[in-house]
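Next up: a single chain in structure tokens, the form predicted alone.
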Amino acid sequence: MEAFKDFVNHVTRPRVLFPLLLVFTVLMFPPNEILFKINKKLRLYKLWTRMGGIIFFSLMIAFFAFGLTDPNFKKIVTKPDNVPIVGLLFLVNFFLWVSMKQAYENDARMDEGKESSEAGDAKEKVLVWPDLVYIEFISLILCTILLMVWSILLKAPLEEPANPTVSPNPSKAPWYFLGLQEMLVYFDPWLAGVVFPTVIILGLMAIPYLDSNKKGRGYYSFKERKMAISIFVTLWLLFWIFLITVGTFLRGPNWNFFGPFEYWDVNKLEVLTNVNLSEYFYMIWFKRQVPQNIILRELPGFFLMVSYFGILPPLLAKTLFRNIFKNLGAFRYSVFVVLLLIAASLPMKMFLRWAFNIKYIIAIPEFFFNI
């Protein structure tokens, strides 16, 4: 059991866990036709939509039940502030499985020339009274009972009055801001607190307008909405749920990473030497002094950013996103690819910090401009 706990502590390190989740997401929610064919050839969609989802959900329950036998895991998971996040993880997985199961079933029906399962429901007349009112009333009663039981069994996470001379360690924001707090580790506040949240929200809002496919409307379908669903799930799971989970369960004293079964030792200090890309380029690769001139010093970072936003979009339009460019046109494709690249830069920068300790791609503290 101790070996298993050590293994879990190692796998849940973000530099290991994030690539695994990214591969899982791409395989289960393939964004293009090539990956979709690979998914069908390996029959991953059947594994996911039939017993695979139930087995995965059962494994989650078994893992949490086993984890409660460990004092460190139990202390973190049963903390009143963290209980809603535990419920969030189970609810996200369950409803994601239900929706994708319905989507793949509809795709199979459409391939056979049949109507979607929602088509029959749309023809059936349902009255507001009593059908809808009864459902809402029963839901209201169940939610009220749940909140009453919750308030009785769990103490309110109230602490002593705020003391400006004493800060909690770790000092965490409410769960709905933990994603932003985690982003502040990798980016300056103007990027993590303003640019990225705005771009991600606008990008999610723009998906229905960028996806011009008229099929797959009014019913669950993955085949007709591969790109839209894949982007939404990736942004939602990896850019928000993942960051909230990391901030809740894996960030401990001094904002260090701790495994689920690891004791939160306040004296733990991870020796990290974060360096900028310019320092990596000149001092580590070429063994020379960093230039004093700002433009020359940050030239590698400028070159990388220009290549990322200037060369990569047309290159993708000719290769991987060829069909997307053809369907969207030049303007909508430009909006789509810029939003996508900005959102993708977040996990890329996070992984660069975890794997290579790179702090900034472009670092100009003289003008408070850091990327």
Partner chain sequence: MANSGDKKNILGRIAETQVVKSIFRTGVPRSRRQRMMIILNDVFLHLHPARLPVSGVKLKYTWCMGGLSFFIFLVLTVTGILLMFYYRPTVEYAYGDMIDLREQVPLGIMREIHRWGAHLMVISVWLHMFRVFMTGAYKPPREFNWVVGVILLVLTMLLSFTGYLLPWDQLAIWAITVGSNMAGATPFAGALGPGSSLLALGDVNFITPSSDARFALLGGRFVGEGALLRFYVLHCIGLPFIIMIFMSVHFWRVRKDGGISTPL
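Definition used throughout: the rigid core is the maximal C-alpha set that superposes within 1.5 Å between two forms. Everything numeric in this text was worked out from a predicted model, so none of it was measured. Residue numbers count along the first chain shown, from 1.
Form predicted in complex with the partner chain: not shown, discussed below.
Asker: Among the candidate residues Trp150, Phe257, Trp264, Phe239, which is the single one with a non-hydrogen atom no more than 4.5 Å from the partner chain in the model of the complex?
Answerer: Looking at Trp150, Phe257, Trp264, Phe239 one by one, just Trp150 meets the 4.5 Å heavy-atom criterion.
Asker: Please tell me which of Val275, Val185, Ala228, Ile294 lies within 4.5 Å of the partner chain in the model of the complex, judged by heavy atoms.
Answerer: Looking at Val275, Val185, Ala228, Ile294 one by one, just Ala228 meets the 4.5 Å heavy-atom criterion.
Asker: Using 4.5 Å between non-hydrogen atoms, is Tyr280 touching the partner chain in the model of the complex?
Answerer: Outside the cut-off, so no.
Asker: Would you classify Glu298 as touching the partner chain in the model of the complex, given a 4.5 Å non-hydrogen atom cut-off?
Answerer: Heavy-atom contact with the partner chain at 4.5 Å: absent for Glu298.
Asker: Even though the partner chain is not shown here, does Glu136 get within 4.5 Å of it in the model of the complex, heavy atoms only?
Answerer: The answer is yes: Glu136 has a heavy atom within 4.5 Å of the partner chain.
Asker: Thr248 near the partner chain in the model of the complex, any heavy atom under 4.5 Å?
Answerer: Flag for Thr248 set to no.
Asker: Within 4.5 Å of the partner chain in the model of the complex: all of Leu96, Cys143 and Pro189, by heavy atom?
Answerer: Every residue of the spot touches the partner chain in the model of the complex.
Asker: Heavy atoms within 4.5 Å of the partner chain in the model of the complex is the criterion; list the residues of 89 to 117 that meet it.
Answerer: Leu91, Val92, Phe95, Leu96, Val98, Ser99, Met100, Gln102, Ser116, Ser117 sit within 4.5 Å of the partner.
Asker: Is Trp48 one of the residues whose C-alpha moves 2 Å or more between this form and the one not shown after the core fit?
Answerer: Trp48 C-alpha, core-superposed: shift of 2 Å or more.
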